[in-house]
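Quick setup: one chain, the form predicted alone, written in structure tokens, and binding and motion questions come after.
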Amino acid sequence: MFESNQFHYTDGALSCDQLSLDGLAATYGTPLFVTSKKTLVQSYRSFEQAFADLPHFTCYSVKANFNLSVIRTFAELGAGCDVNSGGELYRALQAGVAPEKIIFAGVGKKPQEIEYALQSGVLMLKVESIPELRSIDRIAALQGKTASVAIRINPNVTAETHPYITTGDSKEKFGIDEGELPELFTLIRQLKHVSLVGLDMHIGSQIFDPEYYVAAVTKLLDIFESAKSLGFAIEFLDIGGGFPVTYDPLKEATPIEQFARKLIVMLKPAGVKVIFEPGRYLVANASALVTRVLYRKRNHTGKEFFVVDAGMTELIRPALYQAHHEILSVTPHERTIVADVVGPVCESSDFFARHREIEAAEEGELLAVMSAGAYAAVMGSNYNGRLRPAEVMVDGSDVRLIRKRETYEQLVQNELLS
């Protein structure tokens, strides 16, 4: 088990804090996301403690898990939010986040989203292209405002992670290349309704080696000095998120303190506030996906399958990234078998594990897919007409329903018969 979370075996059952997962499943049904509030709080505090010696502001990256109660938990601890759409901005505001603590990012902001962000009074908009900068200036002019912006710079640092979650390589769609900066700086001087207040970067996710951050921050600091020499008053340096978490016990994440030791000495002399945007780091290990074994199946080759009632519609990471998630039997068993854990969706990629040694749970028993707090429910879908599951938050012996299970009626509520 992961030391950072509250999931453990008590009295013969896997529990979250003081509540057994089988008891929660009996009350709320399956599939079910169970989130530990204590783990959310501990993760945030460990991050803040690691960077305590650096003037900084932590903006929770809402895309990792946009449940309102999760966002509010971090807001109550003092965090801001990094949002990537009008919908995420709406969620953050509904959760009680002050607009001046919200950063609006995204490579393809629609005009209506820019309008919404400016009307809401967000801290800044992150600019990812010259055409977008012109659009922000035009919309701000129509509102009679000056938009605070940060430039997202592509540092062209290719970190060793899955290619689908690397974002700092010049081949990807994100950010503005260094070669465009002279033109961009000249344009910002000419535009009357934007004010450059920050420089930003983000190199990807699940970055285990701090040296990738060192390389990217070195470039960011060089650009910071250039911007200052041109007369820009930069208030913020935003280095994004991407700090790693442990999914597989055989591949322990690099402690956040190792990143902090290298980054603080680089960033502190700049004399500006540093913005961090952790998402996965704060939420990944705070949740488990509880699912029921529908069938134990064996094919003609002797291959074993656990067919469960959750699938890629609840947690797509294994199908999308071949990601590893630990799978535990809620009721422990001494015997194990080698099997695939698969869902009910009509796709061969609908699996949680391939050829994995799994405890020999019986039909009707429960499995827990661990580390399901990030990029799980938030990436869920209604494919195959499936209902989005319920979500609960546990705090000690207390439990709150934080998302109701969908109904069949909700599946079609926005459709019209012609």
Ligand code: LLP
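The model shown is predicted, which means the values in this text are computed figures rather than measured ones. Numbering starts at 1 and runs along the sequence shown.
What follows is about the form predicted together with the ligand, which we do not show.
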Give a yes or no for residue 206: in the model of the complex, does one of its heavy atoms lie within 4.5 Å of a heavy atom belonging to the ligand?
yes
Any non-hydrogen atom of residue 375 within 4.5 angstroms of the ligand in the model of the complex:
yes
4.5 angstroms heavy atom contact with the ligand in the model of the complex for residue 243:
yes
Within a 4.5 Å heavy atom cut-off, is residue 63 in contact with the ligand in the model of the complex?
yes
Heavy atom within 4.5 Å of the ligand in the model of the complex: which of 198, 80, 311, 278?
278
I need to confirm a contact call. Of 116, 321, 236, 305, which residue comes within 4.5 Å of the ligand in the model of the complex, counting heavy atoms only?
321
Partner-facing stretch of 389-397, 27-35, 375-383, 345-353, counted where any non-hydrogen atom is within 4.5 angstroms of the ligand in the model of the complex:
375-383
Would 126, 202 and 317 all count as contacting the ligand in the model of the complex, using a 4.5 Å heavy atom cut-off?
yes
